[in-house]
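Below, in structure tokens: the form predicted on its own, a single chain.
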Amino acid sequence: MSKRLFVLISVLVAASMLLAACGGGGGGGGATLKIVSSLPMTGASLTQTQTIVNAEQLRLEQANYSACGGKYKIAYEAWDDASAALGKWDPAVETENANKAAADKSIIAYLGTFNSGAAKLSIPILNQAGPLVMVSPANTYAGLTKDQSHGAEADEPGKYYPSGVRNYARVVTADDVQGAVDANFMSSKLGVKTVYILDDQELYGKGVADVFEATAKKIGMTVLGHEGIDPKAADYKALMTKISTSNAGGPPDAIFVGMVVDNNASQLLKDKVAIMGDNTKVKYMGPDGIQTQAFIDGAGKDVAEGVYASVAGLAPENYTDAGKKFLADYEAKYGKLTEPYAIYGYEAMNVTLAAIESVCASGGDPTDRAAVTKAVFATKDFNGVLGTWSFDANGDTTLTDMTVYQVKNGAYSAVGTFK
């Protein structure tokens, strides 16, 4: 044997040994399953979405980035669906993310989105790609999963599922619950009799505002008006001046806003306080879209004092034992947690990993998107950090607790939990 041939054979043998050690082939033995998240990592929502990504990474670290007894490696990528141009989630970017995920066959789960309007775009794309399962830690618009009886449009949710198979699930309670809880809270706990409703004209904001309005009227509150705002307006003083005389020449008892912080929420509050005084004079409440420290910081501590906001689930002090352990683990790694969605990010990853394990345990192939999707929807009596819960046939969680918070001394503090 020539020296040159010997060297060539030695190189080939070494290369084959390296490939075997790294699991370079398909299937098991170190094959990689990819999970991606698609969330706005640019703009005001970052204070919330960064904690979601942190929590998802925490859960993966606890699983040693592996599944099925080490047979599979788990890779994770946090994608941004926002753009600097818009300063918030961007329809073009979210659509691009969904198409990219659909085309990459190594991706077996898509954790997102944060904004319901973004989910509206990505669900149908991923529905025709396997389907590829989506698990959202934050979407709350009812029409993504429910019909008109829950406040959806006439063609919802069917139009989002062209394959006829559901591929979208969420670990957070939907707006048909949240909007109703908020209206009842305002009426029974705050004594509100007249209310003016505003929304940011996005799917989520208008959706929760519509449910609030329907519930308010049903329980006897007087709705003095409901209109959409321009999220890019320089100020809202003219609007707030109009509202200040909407109740027989005087202000309403309260204003309810359906919106996310990115859509000029802090400026809207500033102008409300400038025209109508602090939030003890005219109560001010919104859903989880404004339950973020960024909203308080943007408006100013004194301006935000007294604002109410609701969020699905329990307050941190009332977390289950598993939830409290999550909180301790999170804060040990990332510092004090002040945002509400981190635990939902953790649970979204938690239930996705459980579905992968379920596929393996039944002798299935976790690289098969349809198998993973089916396993997610088969989740029943899951003992997670949110409590014990299931996904129903629509992909909705069976948990319906909502916690209302109030801004006190520059931070949100829990007032109570309601169903």
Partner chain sequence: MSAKAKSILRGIVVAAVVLYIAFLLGPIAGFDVPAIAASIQADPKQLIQFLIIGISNGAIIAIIALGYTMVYGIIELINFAHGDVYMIGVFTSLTVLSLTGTLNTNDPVKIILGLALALVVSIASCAMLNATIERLAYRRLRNAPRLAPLISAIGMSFIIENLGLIWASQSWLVPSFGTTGGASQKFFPDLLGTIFTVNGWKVNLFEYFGIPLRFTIKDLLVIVLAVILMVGLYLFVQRTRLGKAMRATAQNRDAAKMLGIDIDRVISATFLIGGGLAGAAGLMAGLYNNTAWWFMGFRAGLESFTAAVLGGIGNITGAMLGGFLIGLLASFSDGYLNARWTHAWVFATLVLVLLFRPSGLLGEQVGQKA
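All of these numbers come straight from a predicted model, not from anything done at the bench. Positions refer to the first chain, counted from 1.
Note that the form predicted in complex with its partner chain isn't included here; everything after this is about it.
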| item | value |
| --- | --- |
| Non-hydrogen atom within 4.5 Å of its partner chain in the predicted complex for each of 71, 104 and 106 | no |
| Contact label in the predicted complex: residue 245 to its partner chain, heavy atom within 4.5 Å | yes |
| Its partner chain contact at residue 253 in the predicted complex, heavy atom, 4.5 Å | no |
| Contact test in the predicted complex: residue 279 vs its partner chain, heavy atoms, 4.5 Å | no |
| In the predicted complex, residue 47 touching its partner chain (heavy atom, 4.5 Å) | yes |
| Options 293-301, 106-114, 132-140, 327-335; stretch whose heavy atom lies within 4.5 Å of its partner chain in the predicted complex | 293-301 |
| One residue of 178, 97, 264, 127 in contact with its partner chain, assessed in the predicted complex (non-hydrogen atom, 4.5 angstroms) | 264 |
| Among the candidates 190, 75, 274, 165, the residue which, in the predicted complex, approaches its partner chain to within 4.5 Å (heavy atoms) | 274 |
| Within 63-87, the residues that have a heavy atom no more than 4.5 Å from its partner chain in the predicted complex | 84, 85, 86, 87 |
